[in-house]
Every structure is written in structure tokens, then in C-alpha cells.
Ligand SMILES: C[S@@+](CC[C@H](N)C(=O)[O-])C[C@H]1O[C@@H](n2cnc3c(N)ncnc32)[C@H](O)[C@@H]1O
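Shown here is one chain on its own, the form predicted alone, set out as C-alpha cells.
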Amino acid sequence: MRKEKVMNRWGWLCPWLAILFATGVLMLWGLSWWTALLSALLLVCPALMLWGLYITRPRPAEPSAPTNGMTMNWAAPFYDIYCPAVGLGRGFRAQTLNYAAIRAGERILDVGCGTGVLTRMAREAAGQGGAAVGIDPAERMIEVARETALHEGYDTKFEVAAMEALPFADASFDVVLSSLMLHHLPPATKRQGLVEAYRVLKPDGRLVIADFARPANPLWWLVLWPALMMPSVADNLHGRVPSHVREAGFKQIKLRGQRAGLITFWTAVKEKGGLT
């Protein structure tokens, strides 16, 4: 749990930088309509984090799962608004599922499912006889996912759990999805989580990853340089995800596409006869 708290403190890096920049703007140029507007825009992120942590509904009785990664409890109240606003809505989820090529009757595991949008879409794709399970270490995310699934009539299952300790039997899923979650895990935990994903996949099971990678456009570094101070994100930006996937035992690792020159899609297969 101590490591989890350390990782969550890394999550405050960008908000603290936003506060620092807002302070610098006011000190350098004084208070005017444009500096006030710029400062307000810079302070949106820390304001949302504070609101999500301290002003929203009481914490659920179920605790977060122990993890070496970062949890996102603070984002649960507005996650379903934020994602579409930054281009990560149903179109992005549909692109992820397209690479998964889900067939009727398959069982899908969505690791780091957040509020469960991708999980519910995967359940639709699996059709009659299929199943979809979403896990996330953040109990508030799972609470929202369960409430939404109940309200919309989905039979998806959601559990509070971490990728590095999946509470499922060997060879119990046909597909494992990981959407914008690996960059929340430090390198060693990424590798451990991918080994777990390999374990719970059936022979010929598929892994689909959508996450940050080495930027295709060098201009991205002007925005992303603070993230290089976070080991979990820097690991992705240095292009190490495919090597972690390979070390976990997966074969046929393929780069399928990119979104905005930053988010990359990979697929990999647990071949028959591989270690379990």
C-alpha cells in the first residue's frame, strides 16, 4: 500500500506544474483578464483532482486493491465526461475492439477498466453465450461501472483487482484488453501484469493494448517532457511496451496503428504450447 501511495503522488506532478505555471504567469505579467483566464485554465486539472478526492460522494465500503501502480479514484466522478472530451470516447473504444476481433461466445477480460465503457462494448461484441469482466484497483471506478451496467441492463461483471494479481484461473479468457492503463504501472509491475494476462489467456488467446508509446511527432515532447520524470510513463514513451509483452511470453506482437501520433495499438497472441 505504501508503494501505491507513492505512485499516486506521482499523479500530482502535472497538477503541481500547472499551479507553478499559473503562479509564474501572475507574477510575471500581473493580473489582467488574459492572465486570469490563462491561470484559470491551468488550474482546471488540480481543481478537478481536489473535487474528485474530497467533494464527491463518500468512499465505498470496498477498499482499493493493493497495487504498485497508480489508482484513479479521484477521476471517477467525471471520467465519462472527460474521456470523450479529449477524443477517447466510443470511437476510440470501437477502434480497440476492432483490433481484438471478438467472436461470438468469447470471454473477455478488460484490465484497468475504469468506469467500464470498453467492457460493456466488449460484452456486446461477444454476443449470446459470451461474457466480459472488468477489473480496476480503484474502488470508485468499479462502483460507477457497476451502477452504469445495472442501469443500462448489462450483465457484465466488475471486480476490484489489480492487473499484477488477477483473481482468475489459468486459461479462462479468450481476449485480454488493456486500454490506457499500462502507463499507470512502474516497469516491473507492467511485466508482472503482462505475465498475469498471459496466464489467464487460453491457448491462441489475444492480448490487445492501447497505450502511450514513443511519439511519432517530435512536437509531442514539448508537451510531454514533465512525464519523463514519472518512471511508469517514461517507460512507455521510451518505447519499451513491446519488449515487456515479449518477455511475458507472447508471440506475434504487432503494431496495429496509432492515434494522434501518440497512442499506439498492439496485438499479441498466446500461442498453443506456450508456458502457463
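What you see is a predicted model, and the numbers here were worked out from it, not measured in a lab. Numbering starts at 1 and runs along the sequence shown.
This next part talks about the form predicted together with this ligand, which is not shown.
Student: From the list 97, 131, 180, 160, which entry has a heavy atom within 4.5 Å of this ligand in the model of the complex?
Tutor: Of 97, 131, 180, 160, the residue with a heavy atom within 4.5 Å of this ligand in the model of the complex is 180.
Student: Among the candidate residues 146, 191, 93, 199, which is the single one with a non-hydrogen atom no more than 4.5 Å from this ligand in the model of the complex?
Tutor: Looking at the other structure, the residue within range turns out to be 93.
Student: Tell me, please, which stretch of 98 to 106, 148 to 156, 132 to 140, 167 to 175 lies within 4.5 angstroms of this ligand in the model of the complex when heavy atoms are compared?
Tutor: Of the options, only 132 to 140 has residues within 4.5 Å of the partner.
Student: Using heavy atoms and a 4.5 Å cut-off, decide whether 187, 236 and 248 all contact this ligand in the model of the complex.
Tutor: Heavy-atom distance to this ligand in the model of the complex: none of the three under 4.5 Å.
Student: Does any part of residue 122 reach within 4.5 Å of this ligand in the model of the complex? Heavy atoms only, please.
Tutor: It does not: once this ligand is placed as it appears in the model of the complex, residue 122 has no heavy atom within 4.5 Å of it.
Student: Is residue 72 one of the residues lying within 4.5 Å of this ligand in the model of the complex, judged by heavy atom distances?
Tutor: Yes, residue 72 is a contact residue.
Student: How about residue 232 - does it come within 4.5 Å of this ligand in the model of the complex, if we only consider non-hydrogen atoms?
Tutor: Residue 232: no contact with this ligand in the model of the complex.
Student: Even though the partner isn't displayed, in the model of the complex is residue 114 close enough to this ligand, meaning a heavy atom within 4.5 Å?
Tutor: Yes.
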